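Quick setup: one chain, the form predicted on its own, written in structure tokens, and binding and motion questions come after.
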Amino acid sequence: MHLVRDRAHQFGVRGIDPQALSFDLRAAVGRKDEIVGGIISGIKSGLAKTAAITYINGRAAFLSPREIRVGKQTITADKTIMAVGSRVAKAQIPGLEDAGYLTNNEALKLHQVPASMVIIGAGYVGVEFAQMYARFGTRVTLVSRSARVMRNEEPELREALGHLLVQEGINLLTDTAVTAAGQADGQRYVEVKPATGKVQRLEAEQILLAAGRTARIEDLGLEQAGVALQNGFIQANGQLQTTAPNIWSLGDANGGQMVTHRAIYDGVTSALNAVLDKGRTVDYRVVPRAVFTEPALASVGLTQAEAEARGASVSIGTYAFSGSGRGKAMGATEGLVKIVADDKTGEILGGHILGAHADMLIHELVVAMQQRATARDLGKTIHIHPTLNEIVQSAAKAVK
């Protein structure tokens, strides 16, 4: 939609009236539901076809470390693996429950594009939905308690991403706290207070809460099972074993990076340990992450600040998308690659990309870090021309 409406003319496309374009959210959501439904059906079908698996659909709770109640049925198990996931954390904002709000789940079920939306939180959920709905035509205000969006990412990249969102018409309020919410005259509103300034009221058709997630552990009987919590998450050791020796836990519920690929990795590790007693220890040194904005933001490993905080002396290499021939041809010149390397050994400690297809380009750095390669190794590796991957190579060559 964005490409056709706002950029197609640059590429020589004629005969399109941007004012005549419209967006059918119901159709888009229907397509999404069909895809998701097919994936879920495929998983359930695979479980049903596997003779060694008995699949039970119901709410489970521990009665003891070896007994689990599901409805009226009690299952006895010598070993249990929990994959209970996470949910949106409840916001401690007075009046928000009464005002009514969306989570990321409900925001993907709307059938009409709202005229206006306030999004609370500028992490990956907040920025993704802010850009998506803004491009659909919603007037979006994105409220961040932090000074920048994506506060844990490299300063250059998060600054640039915030600037791009503002360029697309998003009202970005940083260093701003949401103090209250409610409804008045049939309209939802939030009250916000900047770090320096007075309280303001922002009215919107919809409010989207994107201010963090927490473990989905309610009513699981963890106390009866002997499974302890730490800061609201399930306490598990490096082998994903909980404080109950016969129970393992994986994924979001353990805290840390809440991404599907980390949970998949945990799943394999916990299964090997629980079923085959392999004693495998998780290694989260090279777990990539991505924000699916356009351009995308993707990272792996340490930021420069994190590396220096650990006492490392680092060298930095950067290269801008604007210097790429392929980037220019695609009209994708916004963004930057930044590589953090150990100054003594040259080993790559972290890679950070803001730019077109960053979520795919990051895997070049993931593989390099998995093999403990140096920036020199990556820089002297032959890359196809013209590709966006050359930007990663150029950043590696720039490491000094």
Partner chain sequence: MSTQHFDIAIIGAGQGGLPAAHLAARLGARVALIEMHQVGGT
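Residue numbers count along the first chain shown, from 1. Quick caveat: nothing in here was measured; it's all calculated off a predicted structure.
Here the subject shifts to the form predicted together with the partner chain, a form of this protein not shown in this document.
Though the partner is left out of this view, Gln371 does not reach within 4.5 Å of the partner chain in the predicted bound form, counting heavy atoms only. When contacts are judged by a 4.5 Å heavy atom cut-off, Lys72 counts as touching the partner chain in the predicted bound form. Using a 4.5 angstroms threshold between heavy atoms, Thr345 stays clear of the partner chain in the predicted bound form.
When the partner chain is considered in the predicted bound form, Ala215 lies well away from it, no heavy atom lying within 4.5 Å. Taking Gly30, Gly38, Gly46, Gly331 one by one, only a single residue has any non-hydrogen atom within 4.5 Å of the partner chain in the predicted bound form, and it is Gly46.
Among the residues Thr76, Asn231, Thr196, Ser313, the one placing a heavy atom within 4.5 Å of the partner chain in the predicted bound form is Thr76. Contact with the partner chain in the predicted bound form holds for all three of Thr50, Ile53 and Ile264, each having a heavy atom within 4.5 Å. Only one of 176 to 184, 196 to 204, 297 to 305, 79 to 87 places residue heavy atoms within 4.5 angstroms of the partner chain in the predicted bound form, namely 79 to 87. Contacts of stretch 272 to 286 with the partner chain in the predicted bound form, defined by any heavy atom lying within 4.5 Å, are made by Leu272, Ala274, Val275, Leu276, listed in sequence order.
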